[in-house]
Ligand code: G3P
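Given as structure tokens, the chain that follows is alone and in the form predicted on its own.
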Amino acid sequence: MGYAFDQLSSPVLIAHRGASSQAPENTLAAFDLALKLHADAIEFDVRLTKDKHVIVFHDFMLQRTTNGKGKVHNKTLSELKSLDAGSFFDPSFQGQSIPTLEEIFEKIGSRTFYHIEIKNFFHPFNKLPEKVISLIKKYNLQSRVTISSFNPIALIQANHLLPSLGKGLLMQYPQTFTFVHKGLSNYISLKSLHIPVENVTKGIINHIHSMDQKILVYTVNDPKLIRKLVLWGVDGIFTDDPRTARNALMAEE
């Protein structure tokens, strides 16, 4: 099976939480728009509800992007489904709900590629990786999905459950914590390293490529910076604005 993004031309254009500059992040509206804007893949975050359903949601708390309050993991799926996840962005999106991973797979299926971030850093031994892998298998999307996490344990668990699935390590400060990346690379088959744009250097890109891995950079919306990263040789760009990013990539061709 290999790495899902190997099927796409480099650099891969990944819609960060969907087309989140133009629609509420991590909602079906944002994902549908990302597809219309010809993003190569959609990126989103997954968490577990109190009753152990996999939902698509970024924050630990509900307040920023919904009309709810409190910690996500303390709420049942039914409670979360009752919330409005669109109005924070614009009143025209009122009624957008927090989607489940199964809903995303059911509605979008094989029409795109997926980059799924496993958000269980503070609950590193929960069942989230197991449930995500189970849904990937259920919808036969193994060749369309790559996963990542700041939590190495999640990647180890996923590797045990589905060794052939592409896995990437998220790191905030790769210059300081490269021993984590190196150690994990010796233990499981890592396909990529994902780092913030403010910490990327040409040297890091070359080093990761020397390990036969790819480097993906987040979150980049400035066309000049996108063109610079292309010249440096990055393999993937996470962007909130797929239209602008696509235009920048086309200008490089």
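Note that residue numbering begins at 1 and tracks the sequence as displayed. None of these values were measured; they are calculated from a predicted model.
Omitted here: the form predicted together with the ligand. The next part is about that form.
Chemist: Check residue 139 for me: does it contact the ligand in the model of the complex (non-hydrogen atoms, 4.5 angstroms)?
Modeler: Residue 139: no contact with the ligand in the model of the complex.
Chemist: Determine whether any heavy atom of residue 150 comes within 4.5 Å of a heavy atom of the ligand in the model of the complex, and answer yes or no.
Modeler: It does: once the ligand is placed as it appears in the model of the complex, residue 150 has a heavy atom within 4.5 Å of it.
Chemist: Is residue 170 a contact residue for the ligand in the model of the complex, using a 4.5 Å heavy atom cut-off?
Modeler: Yes, residue 170 lies within 4.5 Å of the ligand in the model of the complex.
Chemist: Whether residue 45 contacts the ligand in the model of the complex should be assessed with a 4.5 Å heavy atom distance threshold; does it?
Modeler: Output for residue 45 is yes: heavy atoms within 4.5 Å of the ligand.
Chemist: Exactly one residue in 119, 144, 181, 75 has a non-hydrogen atom within 4.5 Å of the ligand in the model of the complex; which is it?
Modeler: By the 4.5 Å heavy-atom cutoff, the listed residue in contact is 119.
Chemist: Can you pick out, from 58, 227, 209, 53, the residue that has a heavy atom within 4.5 Å of the ligand in the model of the complex?
Modeler: If I apply the 4.5 Å criterion carefully, the residue I get is 58.
Chemist: Which of 37-45, 200-208, 181-189, 65-73 has heavy atoms within 4.5 Å of the ligand in the model of the complex?
Modeler: Comparing against the ligand in the model of the complex, the contact stretch is 37-45.
Chemist: With the partner left out here, which residues of 3-22 have a non-hydrogen atom within 4.5 Å of the ligand in the model of the complex?
Modeler: Stretch hits, in order: 16, 17.
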